[in-house]
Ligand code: AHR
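Take a look at this one chain, the form predicted alone, written out in structure tokens.
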């Protein structure tokens, strides 16, 4: 199923009654506030590592307020142990529904079994998980990381169509996301799937930048110390690509001209760089998942089932595309 997409505190739980209106990542139609009255949702976010993540959190908080759902919001600060602790706190608090963005795919079986034993349905959001028993969680809502990687690869096929079938290679440097996270795995998989039939496309270097701007900068600076034989830089997110742009420009190179740059997320800063010609392609990863999460939480709180896999809508932004009518991204 595919439905349209819309649009932190420390490790301790933050009780968000969300009565006040919050500035919105993207305008959404508010749900009736009495729909969720009396329902408590425990939500564990991985952190606040980027503008994308901040918008994702804000979308959840706003949507909970609009639906009248009491939100227990926890920021894991990029640590799985903090998330597991938060989930156990939600179970002890006897929330009606748990939703969380998993930092990595593995390691959730025990705590999800505890939630199941307590009769609390769990909704996985944004990033996917790998468990032995699929019944440990009710379903997933989020972006399609594999398709995002495919879209990045498809752009390169079009960009370098003159080299298809020839001997001249297209050398790619890949800066990937957090190792073991579903976006890192999916984006790499989809990217390679599209390019695999064309041996001209060669990934000459791949390393994790952990989705952080600082690591993107450090990695690219180190890479440029040892090699300049690259035609493409593929970044798994905009945070890292902003650091990459800094490092490339420090060396006197023109990003988007001397080296083709493809990134994923579609933060405002990346769209601005695309318009300036410093990035060639931006693949959207939609952060505005809050309204759909609340709709699903209401269904689960009633004891009903949801679809196992739901993806939000996303698009791709290309170089030389007219983006004059594109509104503010909100992240």
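Residue numbers count along the first chain shown, from 1. Fair warning: this is a prediction, and the values are worked out from it, not measured in the lab.
Only in words, not in the display: the form predicted together with the named molecule, which the text now covers.
- Stretch-level contact analysis of 46-54, 59-67, 270-278, 298-306 against the named molecule in the predicted complex, using heavy atoms and a 4.5 Å limit, identifies 46-54.
- Residue 209 falls outside the set of residues with a heavy atom inside 4.5 Å of the named molecule in the predicted complex.
- The named molecule in the predicted complex comes within 4.5 Å of a heavy atom belonging to residue 183.
- Contact between residue 282 and the named molecule in the predicted complex is not found at the 4.5 Å heavy atom cutoff.
- Residue 213 falls outside the set of residues with a heavy atom inside 4.5 Å of the named molecule in the predicted complex.
- In this stretch, 98-126, the one residue having a heavy atom within 4.5 Å of the named molecule in the predicted complex is 126; the partner itself is omitted from this view.
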